[in-house]
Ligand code: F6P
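Just one chain follows, in the form predicted alone, and it is written as C-alpha coordinates.
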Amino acid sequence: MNRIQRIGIITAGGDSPGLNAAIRGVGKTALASGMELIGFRSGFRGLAENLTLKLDKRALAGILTVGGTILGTGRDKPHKMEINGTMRDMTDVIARNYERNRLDALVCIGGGGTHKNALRLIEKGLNIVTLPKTIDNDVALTDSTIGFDTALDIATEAIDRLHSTAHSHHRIIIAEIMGHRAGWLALGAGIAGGADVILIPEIPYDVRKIAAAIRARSKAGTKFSIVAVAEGALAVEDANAFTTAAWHKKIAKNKAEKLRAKQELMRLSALHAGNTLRLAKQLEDLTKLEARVSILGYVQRGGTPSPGDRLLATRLGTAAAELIQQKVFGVMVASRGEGVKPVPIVEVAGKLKTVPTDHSWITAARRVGTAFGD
(Lines give C-alpha, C1' and ligand atoms only; values in the text may rest on other atoms or scores of the structure.)
Protein backbone atom coordinates (compact mmCIF):
# COMPACT_ATOMS: atom_id res chain seq x y z
CA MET A 1 0.00 0.00 0.00
CA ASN A 2 2.98 2.31 0.54
CA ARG A 3 4.45 1.68 -2.89
CA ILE A 4 4.87 4.72 -5.16
CA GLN A 5 2.15 4.41 -7.80
CA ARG A 6 1.53 7.73 -9.54
CA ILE A 7 3.97 10.48 -10.50
CA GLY A 8 3.09 13.90 -11.89
CA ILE A 9 5.47 15.90 -14.09
CA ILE A 10 5.65 19.50 -15.36
CA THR A 11 8.05 21.59 -17.41
CA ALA A 12 8.17 25.25 -16.35
CA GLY A 13 9.95 28.48 -17.26
CA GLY A 14 11.56 29.03 -20.64
CA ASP A 15 11.74 26.13 -23.06
CA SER A 16 15.07 24.38 -23.51
CA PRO A 17 16.37 21.64 -25.78
CA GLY A 18 16.31 18.31 -23.95
CA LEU A 19 13.05 18.73 -22.03
CA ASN A 20 11.37 15.91 -23.93
CA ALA A 21 14.39 13.70 -23.36
CA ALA A 22 14.04 14.36 -19.62
CA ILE A 23 10.30 13.59 -19.68
CA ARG A 24 11.09 10.37 -21.52
CA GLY A 25 13.81 9.43 -19.02
CA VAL A 26 11.49 9.90 -16.06
CA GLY A 27 8.57 8.27 -17.82
CA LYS A 28 10.19 5.14 -19.20
CA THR A 29 11.91 4.41 -15.88
CA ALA A 30 8.67 4.96 -13.97
CA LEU A 31 6.59 2.81 -16.30
CA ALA A 32 9.15 0.01 -16.17
CA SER A 33 8.80 0.05 -12.38
CA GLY A 34 5.02 -0.24 -12.54
CA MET A 35 4.27 3.41 -11.83
CA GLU A 36 1.88 5.68 -13.74
CA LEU A 37 2.94 9.08 -15.09
CA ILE A 38 0.60 12.06 -15.39
CA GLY A 39 1.77 15.16 -17.24
CA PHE A 40 0.43 18.65 -16.50
CA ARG A 41 0.34 21.14 -19.36
CA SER A 42 1.68 24.70 -19.32
CA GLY A 43 3.83 24.52 -16.20
CA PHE A 44 2.39 25.39 -12.80
CA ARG A 45 -0.80 26.68 -14.41
CA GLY A 46 -1.54 23.14 -15.50
CA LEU A 47 -1.35 22.07 -11.86
CA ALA A 48 -3.67 24.89 -10.82
CA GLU A 49 -6.20 24.23 -13.60
CA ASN A 50 -5.76 20.43 -13.62
CA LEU A 51 -4.72 20.28 -17.28
CA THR A 52 -3.60 16.67 -17.41
CA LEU A 53 -2.09 14.39 -20.03
CA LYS A 54 -1.54 10.69 -19.44
CA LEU A 55 2.00 9.79 -20.41
CA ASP A 56 2.04 6.15 -21.49
CA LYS A 57 4.53 4.33 -23.73
CA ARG A 58 2.85 5.68 -26.86
CA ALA A 59 3.05 9.29 -25.64
CA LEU A 60 6.75 8.89 -24.82
CA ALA A 61 7.68 7.23 -28.11
CA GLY A 62 9.77 9.25 -30.54
CA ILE A 63 10.25 12.33 -28.36
CA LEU A 64 13.94 11.90 -27.48
CA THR A 65 15.16 14.01 -30.40
CA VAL A 66 12.29 16.51 -30.46
CA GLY A 67 12.93 20.08 -29.29
CA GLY A 68 10.62 21.99 -26.98
CA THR A 69 8.31 20.12 -24.61
CA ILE A 70 5.25 17.99 -25.32
CA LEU A 71 3.74 19.35 -22.09
CA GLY A 72 4.14 23.00 -22.97
CA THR A 73 5.54 25.43 -20.44
CA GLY A 74 4.83 28.74 -18.72
CA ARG A 75 6.23 31.25 -16.26
CA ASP A 76 3.26 31.36 -13.88
CA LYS A 77 4.04 31.40 -10.15
CA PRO A 78 1.85 29.22 -7.90
CA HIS A 79 1.54 31.94 -5.24
CA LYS A 80 0.89 34.76 -7.70
CA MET A 81 -1.12 33.52 -10.67
CA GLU A 82 -3.51 35.55 -12.81
CA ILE A 83 -6.95 33.93 -12.81
CA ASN A 84 -9.74 35.76 -14.65
CA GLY A 85 -7.86 39.05 -14.41
CA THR A 86 -7.09 38.72 -10.69
CA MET A 87 -3.80 37.72 -9.07
CA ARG A 88 -4.38 34.78 -6.75
CA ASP A 89 -2.40 32.46 -4.51
CA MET A 90 -3.07 29.04 -6.08
CA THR A 91 -0.81 26.92 -3.89
CA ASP A 92 -3.73 25.43 -1.95
CA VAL A 93 -5.56 24.67 -5.21
CA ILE A 94 -2.45 22.96 -6.57
CA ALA A 95 -2.15 20.91 -3.37
CA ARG A 96 -5.79 19.80 -3.77
CA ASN A 97 -5.22 18.82 -7.42
CA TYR A 98 -2.15 16.87 -6.33
CA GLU A 99 -4.39 14.87 -3.98
CA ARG A 100 -7.23 14.72 -6.50
CA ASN A 101 -4.93 12.98 -9.00
CA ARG A 102 -3.70 10.62 -6.25
CA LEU A 103 -0.10 11.63 -6.86
CA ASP A 104 2.68 10.22 -4.71
CA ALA A 105 5.27 12.63 -6.10
CA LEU A 106 5.73 15.47 -8.57
CA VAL A 107 8.71 16.09 -10.88
CA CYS A 108 9.33 19.75 -11.76
CA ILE A 109 11.79 20.45 -14.58
CA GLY A 110 12.98 24.03 -14.67
CA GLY A 111 15.44 26.75 -13.76
CA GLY A 112 15.82 29.22 -10.91
CA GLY A 113 12.19 30.33 -10.74
CA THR A 114 10.94 26.75 -10.91
CA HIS A 115 13.05 25.77 -7.91
CA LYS A 116 11.69 28.65 -5.83
CA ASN A 117 8.14 27.68 -6.80
CA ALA A 118 8.83 24.00 -6.06
CA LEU A 119 9.97 24.98 -2.57
CA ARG A 120 6.66 26.76 -1.97
CA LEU A 121 4.81 23.58 -2.87
CA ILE A 122 7.06 21.46 -0.66
CA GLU A 123 5.95 23.72 2.19
CA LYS A 124 2.36 22.71 1.31
CA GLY A 125 3.25 19.07 1.83
CA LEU A 126 3.91 17.92 -1.76
CA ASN A 127 6.61 15.33 -2.46
CA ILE A 128 8.77 16.96 -5.14
CA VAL A 129 11.91 16.11 -7.09
CA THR A 130 13.34 18.65 -9.55
CA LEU A 131 15.62 18.56 -12.59
CA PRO A 132 17.81 21.58 -13.50
CA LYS A 133 16.97 23.08 -16.88
CA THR A 134 18.11 26.33 -18.48
CA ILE A 135 20.31 27.30 -21.40
CA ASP A 136 21.98 29.85 -19.07
CA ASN A 137 23.56 27.06 -16.96
CA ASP A 138 23.01 29.21 -13.85
CA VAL A 139 21.21 26.77 -11.52
CA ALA A 140 23.20 26.33 -8.31
CA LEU A 141 24.88 23.10 -7.16
CA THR A 142 24.86 21.29 -10.51
CA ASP A 143 27.71 21.02 -13.00
CA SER A 144 25.43 21.52 -15.97
CA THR A 145 21.80 22.13 -16.83
CA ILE A 146 19.56 20.62 -19.48
CA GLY A 147 19.64 22.83 -22.59
CA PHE A 148 23.02 24.47 -22.06
CA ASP A 149 25.00 22.15 -24.35
CA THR A 150 22.66 22.65 -27.31
CA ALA A 151 22.54 26.42 -26.85
CA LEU A 152 26.33 26.47 -26.65
CA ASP A 153 26.52 24.63 -29.98
CA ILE A 154 24.07 27.05 -31.61
CA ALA A 155 25.75 30.21 -30.29
CA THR A 156 29.19 28.92 -31.28
CA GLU A 157 28.03 28.10 -34.80
CA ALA A 158 26.56 31.61 -35.10
CA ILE A 159 29.90 33.17 -34.13
CA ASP A 160 31.68 30.86 -36.59
CA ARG A 161 29.42 32.12 -39.37
CA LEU A 162 29.86 35.77 -38.39
CA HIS A 163 33.63 35.55 -38.83
CA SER A 164 33.47 35.54 -42.64
CA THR A 165 31.23 38.61 -42.78
CA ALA A 166 33.37 40.49 -40.27
CA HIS A 167 36.54 39.61 -42.19
CA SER A 168 35.11 40.41 -45.63
CA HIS A 169 33.76 43.85 -44.66
CA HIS A 170 36.42 44.86 -42.10
CA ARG A 171 33.76 45.33 -39.44
CA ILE A 172 33.15 44.85 -35.78
CA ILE A 173 30.45 42.20 -35.42
CA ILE A 174 28.73 42.04 -32.04
CA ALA A 175 26.85 38.83 -31.25
CA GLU A 176 24.37 39.23 -28.40
CA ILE A 177 23.96 35.94 -26.56
CA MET A 178 21.43 35.02 -23.88
CA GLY A 179 22.39 35.30 -20.21
CA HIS A 180 20.84 38.02 -18.05
CA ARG A 181 22.65 37.31 -14.79
CA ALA A 182 25.29 34.70 -15.68
CA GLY A 183 27.74 34.63 -18.55
CA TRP A 184 28.33 30.90 -19.05
CA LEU A 185 26.80 30.79 -22.52
CA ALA A 186 28.49 33.91 -23.90
CA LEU A 187 31.80 32.88 -22.33
CA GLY A 188 31.71 29.32 -23.65
CA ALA A 189 30.54 30.30 -27.14
CA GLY A 190 32.97 33.20 -27.26
CA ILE A 191 35.94 30.97 -26.48
CA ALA A 192 34.82 28.14 -28.77
CA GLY A 193 34.03 30.57 -31.58
CA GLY A 194 37.26 32.53 -31.27
CA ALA A 195 35.67 35.86 -30.27
CA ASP A 196 38.18 38.64 -29.79
CA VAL A 197 36.17 40.28 -27.00
CA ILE A 198 33.84 38.58 -24.52
CA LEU A 199 31.56 40.59 -22.25
CA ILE A 200 29.71 38.90 -19.37
CA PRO A 201 27.65 40.13 -16.39
CA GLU A 202 30.31 39.01 -13.90
CA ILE A 203 32.96 41.38 -15.32
CA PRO A 204 31.74 44.99 -15.79
CA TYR A 205 33.45 46.51 -18.80
CA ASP A 206 35.01 49.82 -19.81
CA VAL A 207 34.07 50.54 -23.42
CA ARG A 208 37.30 52.50 -23.89
CA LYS A 209 39.34 49.39 -23.06
CA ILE A 210 37.32 47.35 -25.55
CA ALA A 211 37.95 49.98 -28.20
CA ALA A 212 41.67 50.02 -27.36
CA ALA A 213 41.86 46.24 -27.84
CA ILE A 214 40.12 46.52 -31.23
CA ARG A 215 42.35 49.39 -32.36
CA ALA A 216 45.40 47.31 -31.38
CA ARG A 217 44.16 44.52 -33.66
CA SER A 218 43.69 47.00 -36.50
CA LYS A 219 47.17 48.42 -35.99
CA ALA A 220 48.58 44.88 -36.17
CA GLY A 221 46.86 44.39 -39.53
CA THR A 222 43.61 42.64 -38.45
CA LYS A 223 40.80 44.92 -39.62
CA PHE A 224 37.88 43.08 -38.02
CA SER A 225 36.79 41.95 -34.56
CA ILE A 226 34.15 39.65 -33.11
CA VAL A 227 32.52 40.66 -29.83
CA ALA A 228 30.46 38.06 -27.91
CA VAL A 229 28.28 39.87 -25.38
CA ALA A 230 25.88 38.39 -22.85
CA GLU A 231 22.59 40.29 -22.78
CA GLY A 232 23.17 41.05 -19.10
CA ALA A 233 26.68 42.46 -19.50
CA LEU A 234 27.06 45.96 -18.05
CA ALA A 235 29.48 48.84 -18.31
CA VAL A 236 31.16 49.67 -15.01
CA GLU A 237 29.05 52.79 -14.42
CA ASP A 238 25.81 50.91 -15.12
CA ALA A 239 26.80 48.03 -12.86
CA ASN A 240 27.49 50.51 -10.06
CA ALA A 241 24.09 52.15 -10.58
CA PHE A 242 22.30 48.79 -10.41
CA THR A 243 24.23 47.83 -7.27
CA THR A 244 23.32 51.11 -5.59
CA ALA A 245 19.63 50.83 -6.47
CA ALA A 246 19.49 47.20 -5.29
CA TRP A 247 21.17 48.20 -2.02
CA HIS A 248 18.67 51.03 -1.47
CA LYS A 249 15.83 48.56 -2.00
CA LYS A 250 17.37 46.16 0.49
CA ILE A 251 17.80 48.75 3.26
CA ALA A 252 14.53 50.63 2.59
CA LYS A 253 12.85 51.48 5.89
CA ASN A 254 9.33 51.95 4.56
CA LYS A 255 7.12 51.21 1.55
CA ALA A 256 7.76 54.61 -0.04
CA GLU A 257 11.54 54.14 -0.02
CA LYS A 258 11.20 50.59 -1.30
CA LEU A 259 8.92 51.77 -4.12
CA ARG A 260 11.39 54.48 -5.18
CA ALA A 261 14.23 51.98 -5.25
CA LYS A 262 12.10 49.53 -7.24
CA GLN A 263 11.18 52.26 -9.73
CA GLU A 264 14.87 53.14 -10.13
CA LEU A 265 15.71 49.50 -10.85
CA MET A 266 12.94 49.39 -13.45
CA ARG A 267 14.24 52.61 -15.03
CA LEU A 268 17.76 51.22 -15.21
CA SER A 269 16.47 47.95 -16.69
CA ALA A 270 14.57 49.86 -19.38
CA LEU A 271 17.71 51.82 -20.26
CA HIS A 272 19.72 48.62 -20.44
CA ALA A 273 17.27 47.01 -22.89
CA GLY A 274 19.06 48.56 -25.88
CA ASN A 275 22.55 48.25 -24.45
CA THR A 276 24.08 46.15 -27.23
CA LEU A 277 23.03 48.64 -29.90
CA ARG A 278 24.46 51.49 -27.82
CA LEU A 279 27.69 49.53 -27.43
CA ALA A 280 27.93 49.18 -31.20
CA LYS A 281 27.55 52.94 -31.66
CA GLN A 282 30.14 53.66 -28.97
CA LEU A 283 32.66 51.31 -30.60
CA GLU A 284 32.07 52.86 -34.02
CA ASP A 285 32.80 56.30 -32.60
CA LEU A 286 35.91 55.15 -30.75
CA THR A 287 37.44 52.88 -33.42
CA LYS A 288 36.17 54.45 -36.67
CA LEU A 289 35.18 50.96 -37.83
CA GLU A 290 31.67 49.95 -38.83
CA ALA A 291 29.89 47.88 -36.20
CA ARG A 292 26.97 45.54 -36.76
CA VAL A 293 24.85 43.68 -34.22
CA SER A 294 23.48 40.15 -34.48
CA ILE A 295 21.00 39.31 -31.72
CA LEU A 296 20.66 35.53 -31.58
CA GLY A 297 17.55 35.59 -29.38
CA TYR A 298 15.22 32.61 -29.17
CA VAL A 299 17.04 30.64 -31.85
CA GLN A 300 19.40 29.59 -29.05
CA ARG A 301 16.56 27.76 -27.29
CA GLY A 302 15.09 25.99 -30.28
CA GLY A 303 15.64 22.95 -32.40
CA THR A 304 16.86 19.42 -31.90
CA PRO A 305 18.75 18.81 -28.64
CA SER A 306 22.42 17.92 -28.92
CA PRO A 307 23.64 14.42 -28.04
CA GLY A 308 25.11 15.92 -24.88
CA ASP A 309 21.75 17.28 -23.75
CA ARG A 310 19.95 14.06 -24.63
CA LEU A 311 22.46 12.15 -22.53
CA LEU A 312 22.29 14.58 -19.60
CA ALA A 313 18.48 14.70 -19.64
CA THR A 314 18.26 10.92 -19.76
CA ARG A 315 20.73 10.52 -16.88
CA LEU A 316 18.90 13.05 -14.70
CA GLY A 317 15.42 11.86 -15.65
CA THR A 318 16.07 8.21 -14.94
CA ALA A 319 17.76 9.11 -11.65
CA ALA A 320 14.73 11.20 -10.63
CA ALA A 321 12.40 8.21 -11.09
CA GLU A 322 14.75 6.00 -9.10
CA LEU A 323 14.89 8.52 -6.24
CA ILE A 324 11.10 8.73 -6.17
CA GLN A 325 10.88 4.94 -6.05
CA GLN A 326 13.22 5.12 -3.03
CA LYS A 327 10.99 7.86 -1.52
CA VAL A 328 13.71 10.49 -1.61
CA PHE A 329 11.89 13.80 -1.93
CA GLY A 330 12.64 17.51 -1.64
CA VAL A 331 15.76 17.21 -3.79
CA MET A 332 17.13 18.37 -7.13
CA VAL A 333 18.94 15.76 -9.21
CA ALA A 334 22.27 17.48 -9.84
CA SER A 335 24.86 16.56 -12.43
CA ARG A 336 28.23 15.84 -10.80
CA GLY A 337 30.95 14.68 -13.14
CA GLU A 338 29.65 11.59 -14.92
CA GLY A 339 27.28 10.84 -12.04
CA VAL A 340 24.32 12.47 -10.32
CA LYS A 341 23.71 13.65 -6.78
CA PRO A 342 20.48 14.57 -4.98
CA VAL A 343 20.84 17.99 -3.34
CA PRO A 344 18.17 19.64 -1.14
CA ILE A 345 15.95 22.02 -3.12
CA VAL A 346 16.09 24.43 -0.18
CA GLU A 347 19.82 24.83 -0.90
CA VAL A 348 19.17 25.53 -4.60
CA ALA A 349 16.15 27.87 -4.51
CA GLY A 350 17.09 31.54 -4.67
CA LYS A 351 20.74 30.78 -5.48
CA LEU A 352 22.53 31.66 -8.72
CA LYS A 353 25.56 29.95 -10.25
CA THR A 354 27.60 32.74 -11.79
CA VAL A 355 30.99 32.53 -13.52
CA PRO A 356 33.84 32.95 -11.00
CA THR A 357 36.20 35.62 -12.27
CA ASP A 358 39.10 33.20 -11.77
CA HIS A 359 37.36 30.36 -13.60
CA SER A 360 39.59 28.24 -15.85
CA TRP A 361 37.57 29.29 -18.94
CA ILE A 362 38.36 32.95 -18.27
CA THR A 363 42.00 32.17 -17.55
CA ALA A 364 42.31 30.26 -20.82
CA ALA A 365 40.58 33.02 -22.78
CA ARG A 366 42.93 35.68 -21.41
CA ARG A 367 45.92 33.53 -22.30
CA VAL A 368 44.92 33.44 -25.96
CA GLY A 369 44.48 37.21 -26.00
CA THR A 370 40.73 37.57 -25.51
CA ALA A 371 39.72 40.93 -24.04
CA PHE A 372 37.04 41.28 -21.36
CA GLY A 373 36.93 45.07 -21.23
CA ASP A 374 38.29 45.23 -17.69
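Numbers follow the displayed sequence, beginning with 1. All values derive from a computational prediction rather than experimental measurement.
The form predicted in complex with ligand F6P exists for this protein as well; it is not shown, and the discussion that follows is about that form.
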Item to check | Answer range among 296-304, 117-125, 152-160, 258-266 for contact with ligand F6P, defined in the model of the complex as heavy atoms within 4.5 Å | outcome: 296-304
Next on the checklist: So ligand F6P isn't shown here. In the model of the complex, which residue out of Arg217, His180, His248, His167 has a non-hydrogen atom within 4.5 Å of it?
Outcome noted: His180
Checklist entry - Given that ligand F6P is left out here, which of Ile135, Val139, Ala189, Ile200 has a heavy atom within 4.5 Å of it in the model of the complex? => result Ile135
Checklist entry - How about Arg75: is it within 4.5 Å of ligand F6P in the model of the complex, going by heavy atoms? => result yes
Next on the checklist: in the model of the complex, is there a heavy atom of ligand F6P that lies within 4.5 Å of any heavy atom of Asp196, even though the partner is absent here?
Outcome noted: no
Item to check | Residues of stretch 202-233 in contact with ligand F6P in the model of the complex (4.5 Å, non-hydrogen atom) | outcome: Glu231
